[in-house]
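Only one chain is included here, represented as structure tokens and corresponding to the form predicted on its own.
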Amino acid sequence: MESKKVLHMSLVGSGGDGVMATANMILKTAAKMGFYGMMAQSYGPQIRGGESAAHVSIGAEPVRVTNPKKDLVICFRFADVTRFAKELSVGPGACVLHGKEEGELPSILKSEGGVTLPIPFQEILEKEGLPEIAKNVLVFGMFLHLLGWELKHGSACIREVFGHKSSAVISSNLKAMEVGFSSLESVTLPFQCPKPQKAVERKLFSGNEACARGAVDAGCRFFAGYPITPSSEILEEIYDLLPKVGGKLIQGEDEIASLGMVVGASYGGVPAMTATSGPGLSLMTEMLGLSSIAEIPVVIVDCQRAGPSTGIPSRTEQSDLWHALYGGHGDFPRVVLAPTDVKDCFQTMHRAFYLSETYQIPVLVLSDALIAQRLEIMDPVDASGFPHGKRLLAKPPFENYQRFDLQIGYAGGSGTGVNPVAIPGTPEGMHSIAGIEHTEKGTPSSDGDQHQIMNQKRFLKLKTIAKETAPWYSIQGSAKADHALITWGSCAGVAEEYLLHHPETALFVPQILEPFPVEGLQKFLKDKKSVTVLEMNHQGQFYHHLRALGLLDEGKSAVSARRSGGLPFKVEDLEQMMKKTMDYEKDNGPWTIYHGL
């Protein structure tokens, strides 16, 4: 009997079937038992109802991706499964559990040598006197039996999930779980499920939860935002967290007002942030420029989704990169960071607040739907070594206080670009500030020379930050590998999985995109025979960013492996893309230019 190192599962159904709730309970239980795991959501563009799927992977070792080939599938309604045909295939020997009333199994769910279990959900519920809403808990009990997990682990999960409900509700759900468990006691899977190495309880977070918790831990004490998929969970999570540390939250009437409030709160001396997605970031752009020219620190998390305008809100993409790097009128500096997974969101938020507060500059954090709404089981994060920023405050005497003093901030080009700030209300620290170009005192100025030197002072911050953040990248694979793979953000997970079977390739992943760790990539690319730049958008935005930095020029251009479509890359996709890269390099010589696949 085959022993699975990682078990890949999918649950498919419609709104009301409890697909996400069941998947959440499976992961919660797995986390308490000492497993690692991941859950990726997939759902339609509807605000409420419609088809939904949860792709869950569980293993004894950390899980990087959810494999589309499933070992165990629960399908509540056959009509829904075809909508996920590109994300779900049933592997050989898989177990498929479905509603008996659905009839003949569709071809997409047929498995060679597998087990099919038609379950009369409604009949079982009626026989046991359970409400229809308990169907997902019934399925949860079935999962427990199939995976070989003890009932006590499921009971603990039920008590945690329904702990805020009445004792009658808790008892009803416990009964549904036990009925589901016992109804499959005669069934065994044709493979062995992974077992945890140690009974170590781990934590379960989504990327958005991690961003909210990381932000509060890093010192955030004000949040203003407007709900938008897939970032809304940041607002929801931080709503619970901020009052516990004396912080405040306001839901703005729109994204423009929200970032305006954040700028105002930060001007008052309070570390502040907002979160949004593509269309919201577009609306925030003018306030982003205000933050930069007025040198008021703010943090903006952009959870990217597919497409321009309102696009596909429930699908993922990396197509806001150019907007984050270059969006806005006039010249203004900003920092752009990119977490690679849920755990990395904690450190990235600490880095965001550190840079924003220390250098009085807007910082954008580019997450995406794949990270934002993905659940991951992880070890506790040790934040003791993470940086904590501290705003440089002006101290008395204030007789000659100038908010934008060039002798301090610019110093002929040898400064850091940062000036001490007098928080409003500081005795004798009064000064002017606005979005208009200004003198050292902050009063409006239309003098061209003044504008030029203020630009030099503001952009000096990026030069200073670049020195400090030069090591903010990761390299995996052998230094002797001939082929280079470069990617960012959520694509790092599939790239790491690819590397496990391809020692001829090494991987470079920047953790900061602006200012970019230029020297790190230059050293990495030295002696490489070919390079592929992997990203999830149509135009190859990251590829062109690297070219704009001169990192792929001078006859050293590379292959841009990219696609949009809203679905994350599979390892098989990357296998095909890398093969084309190698073949193209063989036919055309090293370092030739080739756009797209």
Partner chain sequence: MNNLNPKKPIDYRNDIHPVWCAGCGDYGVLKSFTRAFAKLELSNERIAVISGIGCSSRLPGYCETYGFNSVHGRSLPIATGLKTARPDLTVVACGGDGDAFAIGIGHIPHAIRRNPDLTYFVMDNSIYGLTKGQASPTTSTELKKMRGLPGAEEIPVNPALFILSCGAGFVARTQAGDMGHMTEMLTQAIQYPGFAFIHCLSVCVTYQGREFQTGLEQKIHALPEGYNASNIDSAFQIARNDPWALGVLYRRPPEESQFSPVTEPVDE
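Positions refer to the first chain, counted from 1. This structure is a prediction, so every number in the text was calculated from the model and none was measured.
The same protein also exists as the form predicted in complex with the partner chain; that form is not shown, yet it is the one meant from here on.
In terms of contact with the partner chain in the model of the complex, the residue from Tyr267, Phe332, Tyr473, Phe191 that brings a heavy atom within 4.5 Å is Tyr267.
This chain appears without its partner; in the model of the complex, the one residue of Ser182, Ser432, Thr310, Ser166 with a heavy atom within 4.5 Å of the partner chain is Ser432. Only one of 410 to 418, 480 to 488, 135 to 143, 242 to 250 places residue heavy atoms within 4.5 angstroms of the partner chain in the model of the complex, namely 242 to 250. Using a 4.5 angstroms limit between non-hydrogen atoms, Gly103 is distant from the partner chain in the model of the complex. In the model of the complex, Ala257 approaches the partner chain with a heavy atom inside 4.5 Å.
In the model of the complex, the partner chain sits within 4.5 Å of a heavy atom of Glu286. Taking non-hydrogen atoms only, Pro427 approaches the partner chain to within 4.5 angstroms in the model of the complex. Every member of the trio Phe222, Val263 and Leu290 reaches the partner chain in the model of the complex with some non-hydrogen atom inside 4.5 Å.
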